[in-house]
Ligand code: GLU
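Here's a solo chain for you in C-alpha cells, the form predicted alone.
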C-alpha cells in the first residue's frame, strides 16, 4: 500500500500555526513511508474563499519546504459530488428535510429542556407527499441529511486515541447539503478521500465526532475507510488556545526572520514523548515520526521556546545554507566567527559592522591608556595570522601582569566598541591589522 495523506485547508483566510501543525504531520507521515502528500483546497464556500488566500497557503507551504505531490480544488469537483450524491439518494442514504433553522433550534431547546441529547428526530422521513408539496408551495427548498445506520455500531482504532466507539442512535443525521444546493464539509471530504486514494487522515481531535459519521459514509459509498489519527489540539504556553495563537499567521514567523526548519522542528514534536531538538533539516524528524508517540494532553506552543530553538538552529547552519542571505563580503570565516552571537540570520549586518566599521568605542579610563598604547605597539611586531589574538594577549599578560577581565575587556571595547560579542580570536583577523591598530590608537 502506498501511503497517501492530504492537507485540506479552506482558502478563507491565512494559514495559522494550528493547521500548519496538521500539515507538517501529514507531510512527515507520507515522507517517512515513501508515499504521497496532497494539497486539497476545500473551497466549496464560494462566498468566503479567495484566490489570494489559496496563493498564500501555497507560498507558506513552499517556504516550509512542504511541497505537495499534487493539488486539487473542491470547486473543480462538483460533478463528482453530484454523481455520488445521486447514488446515495437512490440507495436511500440521504433524504430531504424542510425544517427552518428556527424550527430546528426550537427542537433542540425542547430536547435540552427535557434533559435529552439534541439529536435530530428524523421527522422529515415521516413527511407525506401533501406536506412536502405544501412546503414547496410556500417556497421552502430542502436541505439534505445523510441517514445513519442505527443498527451498525461505529468503531475504529485511532492511531493516537486508540479504540473509539460511538452509538449512531446518539448522533444526529448530519446535514450534507444546504437548501441553496451548496455543500457542507462532511460528504465532499469523504468523496474526495475515496477518489484520491487517501490512506491516512491526520487532523485535530475536534473532528472525532465527524469521523464517526463519515465512517458510515465511506461504507455507504462502498469504500474502505482510511486510518485516522486525531491529535490533541494546540494550546498556548498559558494552557489554553488564545486568540493570538488561533490567528497567528505563518507570515508572522517569516517576517520575524525565523528559520522554517525551526517551526517544523517544534511543531513536529510538541505533544509527543520525543524531545524537541535543533536540526538543520527535517530528515531526523521524519525518520523518527510515529503517531504512537503522541499523547492525549494538549500540545503547548510557546513562542519563547520557538525563538530559543531557532537560535540554536542558526548556530548550526553552515555557510552554504545562508550565503544567499548574507552581505556579499561576508566570508565563510566571518560567518563562523559571527554565527554564535546571532538569534536570527537577519542580525548578521549589525555584527558585520563590527568588522567593517566604523565603530563607536566607549570612553577609555585613564588607567587603560598606557595599556592600549602598549597593545598597539605589540601588535605591530606580531605575525598577523590566525593566532594573533592569543599571541597578543599572552605578551600583554606577561608584560603588564593583567589577566582575566582587566586584560581582555579593554581590548574588546577598543576593538569592537562592545563589552561582549564574538570570539576575539576569530574576530581580530577579520578586522585586519591596519584597522585594529587604528582602533587601539584612537
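Residue numbers count along the first chain shown, from 1. Nothing here was measured: the structure is a model prediction, and the numbers come from that model.
Another form, the form predicted together with the named molecule, is not on view; read the next lines as being about it.
- Heavy atoms within 4.5 Å of the named molecule in the predicted complex are found in exactly one of 413-421, 38-46, 400-408, 57-65, that being 38-46.
- At a distance threshold of 4.5 angstroms between non-hydrogen atoms, residue 310 is out of contact with the named molecule in the predicted complex.
- Looking at residue 203, you'd find a heavy atom of it within 4.5 angstroms of the named molecule in the predicted complex.
- Remark: residue 437 does not count among the residues lining the named molecule in the predicted complex, judged by a heavy atom distance of 4.5 Å or less.
- Proximity of residue 335 to the named molecule in the predicted complex: non-hydrogen atoms within 4.5 Å are absent; the residue sits far from the partner.
- Checked against the named molecule in the predicted complex, the residues 185, 166, 81, 156 give one hit for a heavy atom within 4.5 Å, which is 185.
- With contact defined as any non-hydrogen atom lying within 4.5 angstroms of the named molecule in the predicted complex, the stretch 100-130 contains no contacting residue.
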